[in-house]
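Starting off, we have a lone chain in the form predicted on its own, written out as C-alpha cells.
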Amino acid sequence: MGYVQIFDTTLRDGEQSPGISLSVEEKVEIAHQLARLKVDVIEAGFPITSEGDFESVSRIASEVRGPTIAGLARVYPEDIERAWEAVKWADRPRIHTFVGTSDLHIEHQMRSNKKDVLEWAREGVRLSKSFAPEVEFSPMDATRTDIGYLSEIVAAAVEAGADVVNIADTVGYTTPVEFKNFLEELMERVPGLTDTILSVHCHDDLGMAVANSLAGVEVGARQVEVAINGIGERAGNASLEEVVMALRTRGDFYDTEVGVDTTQIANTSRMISNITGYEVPPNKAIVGRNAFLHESGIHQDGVLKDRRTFEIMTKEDIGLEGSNIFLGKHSGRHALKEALEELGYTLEGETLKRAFVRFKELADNKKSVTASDLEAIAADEVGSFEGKFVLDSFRVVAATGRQSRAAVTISHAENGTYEAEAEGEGPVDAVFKAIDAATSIKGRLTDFRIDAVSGGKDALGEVRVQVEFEGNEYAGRGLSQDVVDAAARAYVRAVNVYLSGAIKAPQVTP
C-alpha cells in the first residue's frame, strides 16, 4: 500500500482567493491547526511578494513543528534566496520553485523562449538544492504544455536534484482520463521520475479538481496539493477534505493511505471559514452542514436501522460527533483557554484577555455559551488588526418611510479620534457612510452576508462584508449580538485590512 503525502496550500494559493487577506497572526494560528490535522507539507507562503508574507513564513517555520514547511519561489535567484531565508528555521524546510512552461505562458507571461525557460528551470532547481534539503519543482500550466517540451524540462529538473516534481493543472483545463494518460506518457518519457515524488496540483475551473487529483494518484502520484474547503484562485483548488476522505473511504480501490488525522477536519474547516470569511456551502461534500442529514423518509428509516444503508462514512470520522463545550458566566479564563484549545485555537496574552472579556459579556446575556460562539470569538480576536481604526461607538436613528441617520466615533492609535455623521438607505448603509466620512476612505460594498452563530434570540450575529477600495476587494467580519454593531465592525475591519497592505497584488502561480 502506497503512502500519499498531503501538501496543504491554504496559506499560499488559498489566500489568493478574491477578498481573502490574512494577517501574520491568522496564518500562524492556521498553520498550528494544520499541524494538528497532520498534513505532511504546509506551503506557508510566497516570501518575496511582501514583508508580511516573509514574516509569516519565517514564523511558521520557527514555531510550527511536524509538517515540512515550504516556501514558494519563482526560478529566479532573488526569489529562491528569499524563500530559503524564510523557511530555513523549519525542522524540514522545502523550497518550491516554479516556471511557466506552456506556449501561452512562455510567450505572454514570461516573454521568453523555450530554450531560456529550460535553462532557468535547471538552474533554479540547482540553486534551490544548494540551500534546501528538499526541493519541489512545478512546471506551471503543465497540462497545456507540449508533452515533448514538458518532458525535457522535467528531466532537467530531476537531473538538477528536484525531490518532488509537481504537475500543475493551473487553469483547471484537463479531465481525469486525459490527465491519467498525460501523466503515464510523461513517466514513460522521463524514467528519472521513478526516483522522485510525483505530485499533482489541480484547479477547479471545470469542477474536476478532486477527480483529476485522484486520477493522478491512480497512476502513481504520491503527493496531492490541496486546500481546506477547496479555496484558492478563481474556482479554487482540490479540496483537502474531499481528497483525504476519498482516499480513506476508498482505500480498497486506491490501495493507498494518508497520515491526516481526519477527526480534525471539521474543526479545521470551520476555522478557515471563520477566519477567511468564506462560507462553506450547505451541500459541500464532507464538511457542508447537509453532508450527514437525511430528508427522505426512506433514507431516514434506513439510517435509523443501520447508518451504513445511506452513509459511507460517519460524522465521527471527521470530528463532527458534537462538542460538549458549554461555558457559563461563572467559567474562568483557564476554562476558556482549554475550551478554545480543544477547538483548535491557542490564544495567549492580550488576545486571550480580549477574548475572555468578550466571552464574559456574552455569558451575561446568554444562558450558555456554545462551541460555535467560542470559535467565532476566537477567530475574531486572532484576526484583529491592532494600531488601525477602532470603532468606539455609533448611534443610529431609523424609522419607516425616512432615511436613517448614523453618527460614529472612531479612534486611531496614532492619529486620535474621528467623528462623523451620514444618512443612508437604512441603518447599516448610514453607518457605513458615516465610517467612510470619519476615516476619509470611501469604499464600495460588493457583498454583505449576515448569519446567526448559534440558535435562539440571544445568538451572536455574524456579518461578513466584501468592500472594494481602489479596485481591490477586502474582506471584513464582525461579531455582536447587535447586527448593526456587527456590520459596523466588519466594515471597519475591511478598512483596516486595506490600510495594512495585507492583500497582495494578484500572482500568477501554479
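One-based numbering along the sequence shown. None of these values were measured; they are calculated from a predicted model.
The next section is about a form of this same protein that is not shown, the form predicted together with a small molecule.
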Legend entry - Non-hydrogen atom contact residue 72 with the small molecule in the predicted complex at 4.5 angstroms: yes
Inset, instruction - With heavy atoms only and a cut-off of 4.5 Å, decide whether residue 166 touches the small molecule in the predicted complex. - result: yes
Inset, instruction - Using the partner position in the predicted complex, report whether residue 98 sits within 4.5 Å of the small molecule, counting heavy atoms only. - result: yes
Legend entry - Partner contact for residue 140 in the predicted complex: the small molecule, 4.5 angstroms, heavy atom: yes
Legend entry - Contact residue in the predicted complex, from 239, 170, 212, 276 (heavy atom within 4.5 Å of the small molecule): 170
Legend entry - Partner-facing stretch of 112-120, 246-254, 195-203, 347-355, counted where any non-hydrogen atom is within 4.5 angstroms of the small molecule in the predicted complex: 195-203
